[in-house]
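What follows is a pair of forms of the same protein chain, given separately as structure tokens and numbered structure 1 and structure 2.
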Structure 1
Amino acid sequence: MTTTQDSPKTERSVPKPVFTDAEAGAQVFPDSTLRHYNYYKPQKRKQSHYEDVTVDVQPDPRHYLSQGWLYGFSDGRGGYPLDWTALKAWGSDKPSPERGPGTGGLFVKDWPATGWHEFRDPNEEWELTLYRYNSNVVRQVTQNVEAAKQSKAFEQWNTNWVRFVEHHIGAWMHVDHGLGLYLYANANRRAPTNMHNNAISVNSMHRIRSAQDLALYNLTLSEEIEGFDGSAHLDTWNNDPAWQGVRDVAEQLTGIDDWCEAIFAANIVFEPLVGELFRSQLVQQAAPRNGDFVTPTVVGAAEYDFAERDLRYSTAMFELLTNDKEFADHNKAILSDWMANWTTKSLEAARKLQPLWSQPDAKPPRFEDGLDRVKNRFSGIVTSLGLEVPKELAQ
């Protein structure tokens, strides 16, 4: 009989667990039960998870930033200047505390010092929510398109509808992409609080994702439908007169310097009057009549982004400004000017799209009826903000 002997085991060098009893509640001492962020006031009775991960991450010299901004542009201005928008929230005209030798921090006791800090995103977006939401969208869109492929759904499309999708559904991806990057993502550097900028950056991702949803849908259609021209959308966007109005306005929107005007013009005026007109009053109405149950699910995802989330934070943001205790009238006057300007431009763009309504074999409801609907909805949005419906809407 042989015996085996364990070879001497060399102990690996690893950190050893140590019982430290550093658990909440292990001892009682000053602050031992103060387990909430004590530097901000919640919007409601209790601090929300969203507020905890968002509020005050971006500092403000009017609050605790006693040494001020440390790096500036070449003109010596740092941080997030309030005059990057013409709109004002209460306290905006009050200068930052003048600190210097021996002044101490001059911390504002009665916070917030400006109305800007009252804004909370009603969607309560932070990383957990935004990835959960957008993952659900891309999964659902992918599954819908996949199911359509399996069931040969695209074979039901008539030729005219194929042409409509390749040209016009494709053209809208450029609007989403251009605004997503150069309006929304751009604006995430501009607003004075973290709550604004995070909401705007999430909005940006909705639009960029939606653009990519349409582009990848277009790629699938190129593979599934014989003769589908996957590049037709480029010519439409570049040359089709029906789209040049939309393109003109989209480019003007990306040229806005004032971040509030950019969000207002895009989300309060352009999207309700042009975006929803195209998506809800044209595509969603025409597609089923032409045998297409797939496109509405792709476009519907973008419609939900806007109608249920992006519009929601935008109205919350502008409601605060039109009801501001110090600058309501100032803000309303500026917003009314912006609204008149962008309503005119948006309606011109909308009317140029009218030829699209006659292109599918099975026609959607009349263009004028669709336009009336979006005008009514727009009026409701504007009124809810405490603004007058612009006379330009009658165009």
Structure 2
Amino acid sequence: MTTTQDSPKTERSVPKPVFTDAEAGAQVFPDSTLRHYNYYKPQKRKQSHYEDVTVDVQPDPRHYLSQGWLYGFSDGRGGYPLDWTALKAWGSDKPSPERGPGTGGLFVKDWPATGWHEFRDPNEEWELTLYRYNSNVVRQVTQNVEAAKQSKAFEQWNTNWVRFVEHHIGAWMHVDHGLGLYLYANANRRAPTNMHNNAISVNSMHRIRSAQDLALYNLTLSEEIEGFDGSAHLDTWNNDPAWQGVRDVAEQLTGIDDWCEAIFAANIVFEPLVGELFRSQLVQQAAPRNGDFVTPTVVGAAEYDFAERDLRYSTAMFELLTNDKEFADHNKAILSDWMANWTTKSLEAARKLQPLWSQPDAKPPRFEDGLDRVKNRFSGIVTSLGLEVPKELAQ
């Protein structure tokens, strides 16, 4: 009988940790204990949390990114070319630092930083604010609709107003969805700094959320109101002559290649002249007169998005460009051309909506009065940017 003895245990070879003081945080620098960043100049005296999580998050080889773009396009251009818009900010024409083999840590004495990096969103939008704001809006809209269901508020609507809502409120959903997904989301990718990206992407989410609000509201009405046609808005959007002007302009807006022109045409021209005309001067005026106190809360959420947030960042962005220390005249000339073009198209679209004012039983204020109000508001926005009111507004 053979006895097998236990083989001796051998110690495994495991690499031993060696501390070389190269790990993050090992070295001590003069500002190691600072509780704020020092690579950017705050807009106000004290740095804000918004600036800490936004400024220079998107790298730029003209602004501290010494190794150059980490990625590019097939034509050799880097990640965010400045020629994606015809507008310019100071420093745009200065050449980028030249790099070659072995210049990964190139020291640049005078960075050709452009005025694009000066923009700060007055809404201070970033990831946390996006979720917090939109969740609050959705919660409030949902509560309003649920309260209306419980109180049988939809039973107070007359037949004519039911037909108006099923055809025309749902039609605006196509505008919000199209612009949110194909205009703002596209412009967000093309903008040159993270400050622009955040503001525009939040604008995109506002429009997409608004389209979702209207879609869910449409489904609710289909369940609550007997005979409500939840698909009527499709035929209205595709075939109703009153909506073909809005549809045409909305589709043209989504085809704009220049990201600055897209934001300017949508937020400075189209929304004040067409969006606010439909939401504020028609829906929110006619609905209460026809016993509907629910629809204004849904539409009003989108109106607040634009009037108090999206327009606010847009004017701040374009004010910088019209007052740029190097390219102010250049920018004003281009913006004026864009404004003349899109003002004409937007007014034509607005006037085609006029038949909607006569459809409810209880009529809203006159179409011409509402159009005059939005024209006056548009004039104030344009003047605040340092631009002349376009002569096309008189048509």
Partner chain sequence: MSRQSVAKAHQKIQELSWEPAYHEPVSQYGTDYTFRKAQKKDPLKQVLRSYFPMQEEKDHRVYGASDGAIRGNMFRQVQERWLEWQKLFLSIIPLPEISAARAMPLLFRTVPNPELHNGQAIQMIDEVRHSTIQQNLKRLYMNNYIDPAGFNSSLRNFQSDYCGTIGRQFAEGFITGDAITAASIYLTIVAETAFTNTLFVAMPAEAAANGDYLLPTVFHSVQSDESRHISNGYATLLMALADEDNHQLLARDLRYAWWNNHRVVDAAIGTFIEYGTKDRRKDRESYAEMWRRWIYDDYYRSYLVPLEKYGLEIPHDLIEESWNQIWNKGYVHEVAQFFATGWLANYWRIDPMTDKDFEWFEYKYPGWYDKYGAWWENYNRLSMPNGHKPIVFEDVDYEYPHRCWTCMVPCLVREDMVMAKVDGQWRTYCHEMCKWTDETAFRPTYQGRQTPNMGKLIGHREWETLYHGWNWADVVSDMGFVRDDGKTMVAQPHLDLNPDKMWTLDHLRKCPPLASPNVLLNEMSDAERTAFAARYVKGGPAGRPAPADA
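All figures in this text were calculated on a predicted structure; none of them were measured in a lab. Counting starts at 1 with the first residue of structure 1 and goes up one by one along its sequence. Here the rigid core means the biggest group of C-alpha atoms that line up within 1.5 Å when the two forms are laid on top of each other.
Assignment of forms: the chain in structure 2 is the form predicted alone, the chain in structure 1 is not.
Once both forms are fitted on their core, the CA shift for Ser358 between structure 1 and structure 2 remains under 2 Å.
When the rigid core is fitted, Pro15 shows a C-alpha shift of 20.3 Å between structure 1 and structure 2.
The rigid core superposition between structure 1 and structure 2 gives a CA shift for Ser32 of 4.5 Å.
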